[in-house]
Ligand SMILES: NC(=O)c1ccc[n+]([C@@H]2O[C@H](COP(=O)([O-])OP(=O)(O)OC[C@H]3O[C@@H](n4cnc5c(N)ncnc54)[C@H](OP(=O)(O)O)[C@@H]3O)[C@@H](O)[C@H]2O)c1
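Next up: a single chain in structure tokens, the form predicted alone.
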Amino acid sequence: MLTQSGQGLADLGVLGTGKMGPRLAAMFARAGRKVILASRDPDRAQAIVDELDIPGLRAGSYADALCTPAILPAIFIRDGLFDLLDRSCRKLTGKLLVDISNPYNADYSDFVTPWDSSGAEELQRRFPQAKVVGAFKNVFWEVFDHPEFGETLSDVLITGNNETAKARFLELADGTPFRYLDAGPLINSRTVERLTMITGNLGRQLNSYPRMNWRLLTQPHPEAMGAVS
């Protein structure tokens, strides 16, 4: 069990009540996790939680969410993510830190990170006491409202340098409506984050933005099929 019973902690603390935070909090709560949705405006978080009315989901402050064993900030770097975490850096020690944010600038025309880095790497570099896993960077907000494309589950690419942290994340995500693919170490977040910018442009061309996501199409190689026959 991820929940640390007896200490009053939830499984996951979600920071932010924009487009992504409430949707992710709801998804994890529907999968059976105990989730705190936190906002700098606690009344806003409470109103969202009341409207969603999902067992296991409750509102709280940033301080409440930062006391959970897994923390998911739904806040852009440009909007002060690092400063927020800096103020509570001691609470991050040993925690799973799920980085979903793409480091967009204010008009979404580029990233605030250089080409030889990524938001996930910068987060891990700034907070080495935490274990960062990149996830949901390739998923646009509207997909969480209707995650299935026909009968097909789309993919979430996850990155991380710590295999135990990746395993903890997959345990947390068990029962959620996506297929999770290990996309390698955090350095690969550079590709995943840039891919999201390309996806947005393609989606607008196809009049599907933001109702779109990736699914890696595969077919067993004949040699592999022969090896198991």
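It should be emphasised that the depicted structure is a prediction, and the values quoted were computed from it without experimental measurement. The numbering used is simple: start at 1 and walk along the sequence shown.
The following text describes the form predicted in complex with the named molecule, which does not appear among the structures shown.
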For this session: Go through 156, 85, 100, 97 and name the one with a heavy atom inside 4.5 Å of the named molecule in the predicted complex.
Result: 100
For this session: Work out which of 130, 123, 71, 75 lies within 4.5 Å of the named molecule in the predicted complex, going by heavy atoms.
Result: 75
Problem set entry | Region of this chain that lies against the named molecule in the predicted complex, out of 183-191, 63-71, 32-40, 49-57 [heavy atom, 4.5 Å] | 32-40
Problem set entry | Contact flag, residue 10 vs the named molecule in the predicted complex, heavy atom cut 4.5 Å | no
Exercise. Residue 79: heavy atom within 4.5 Å of the named molecule in the predicted complex?
Worked result: yes
Exercise. Would residue 215 count as touching the named molecule in the predicted complex under a 4.5 Å heavy atom rule?
Worked result: no
For this session: Spell out, yes or no, whether the shortest heavy atom distance between residue 19 and the named molecule in the predicted complex is within 4.5 Å.
Result: yes
Exercise. Counting only heavy atoms, which residues in 102-141 are within 4.5 Å of the named molecule in the predicted complex?
Worked result: 102, 136, 137, 139, 140, 141
